[in-house]
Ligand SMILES: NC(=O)c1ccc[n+]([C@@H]2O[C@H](COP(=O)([O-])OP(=O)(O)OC[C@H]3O[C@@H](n4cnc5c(N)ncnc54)[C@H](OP(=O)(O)O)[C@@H]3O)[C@@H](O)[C@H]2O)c1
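Single chain ahead, written as structure tokens, the form predicted on its own.
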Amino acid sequence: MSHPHRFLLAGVMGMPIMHSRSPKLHNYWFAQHGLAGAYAPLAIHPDGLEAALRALPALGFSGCNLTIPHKVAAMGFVDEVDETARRIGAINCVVVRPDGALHATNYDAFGFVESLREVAPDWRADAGPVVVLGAGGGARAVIVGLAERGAKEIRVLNRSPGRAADLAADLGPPIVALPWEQRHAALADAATLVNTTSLGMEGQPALDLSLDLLPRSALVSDIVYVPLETPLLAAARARGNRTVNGLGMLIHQARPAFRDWFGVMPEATAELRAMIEATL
């Protein structure tokens, strides 16, 4: 799509924000597709979030991404929220419509599923039980993505069991909440294992999880990308499981946002991945 008469603008709102890799992703795609534009990190205090969002049309922005701590609060400051974002309970992408209305969605579920398919093209959500560790915002996006693609049983386990139970009650079947103490046994017939907790992240303790019962055919994913290989992924790879780190989710959730804003669906190239890995 050609945009000969204006400089294209988008950005990511958060606080703090300068650690975000999103500007590198989107500015790479601007250059790759020969588009005149820029994607900027926008340090927005929570008190200024509504004003910042409402200023997007007047400033000529095509839209923005949202990250911590704005992904939930922003739902109250836009004009439309799609069904996927409502199920996740948060938004991460705002698109400015031609009439200035703000339409919001959440591409984290898409990004997660595409990251699995990139590594394992034969992966299917309905291949067998899925075990999801954690019950926060990342878990909700992962679970919605799995459910939308036909997962028949999603076992959710969280260190605070009440949160897992609330998530299962809110989202409904095929989600089942299990006690954290059953996390080892829950792997016995799993086809996919996903860690959405902070355990294993740089500066955090490792996830205490025995993989002895996990089938070696299972795909193991960790949505963390610092480090790229968490202790969970290292242990899974060592025993023969295919593994997926969190960098693919970050890259793939950005692709449909760029498409919505600028009319081009960019690719997740090896060059782009290497560029982002070099910053980690």
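From a predicted model like this one, the values you see are computed outputs, not experimental measurements. Start at 1 and count along the sequence shown; that's the residue number.
Not on display, but discussed next: the form predicted in complex with the ligand.
Asks: Does the ligand, in the model of the complex, lie within 4.5 angstroms of each residue among 197, 224 and 250, using heavy atoms as the measure?
Replies: Verified in the model of the complex; spot residues all in contact, yes.
Asks: Have a look at 97 to 105, 119 to 127, 158 to 166, 184 to 192 and name the one stretch with heavy atoms inside 4.5 Å of the ligand in the model of the complex.
Replies: Of the options given, it is 158 to 166.
Asks: Contact between residue 77 and the ligand in the model of the complex at 4.5 Å, heavy atoms?
Replies: So residue 77 does not count as contacting the ligand.
Asks: Hey, in the model of the complex, does residue 138 get a heavy atom within 4.5 angstroms of the ligand?
Replies: Yes, residue 138 sits close enough to the ligand in the model of the complex that at least one of its heavy atoms falls within 4.5 Å.
Asks: Though only this chain appears here, would residue 201 touch the ligand in the model of the complex if you measure heavy atom gaps against 4.5 Å?
Replies: Residue 201: contacts the ligand in the model of the complex.
Asks: Though only this chain appears here, would residue 134 touch the ligand in the model of the complex if you measure heavy atom gaps against 4.5 Å?
Replies: Output for residue 134 is yes: heavy atoms within 4.5 Å of the ligand.
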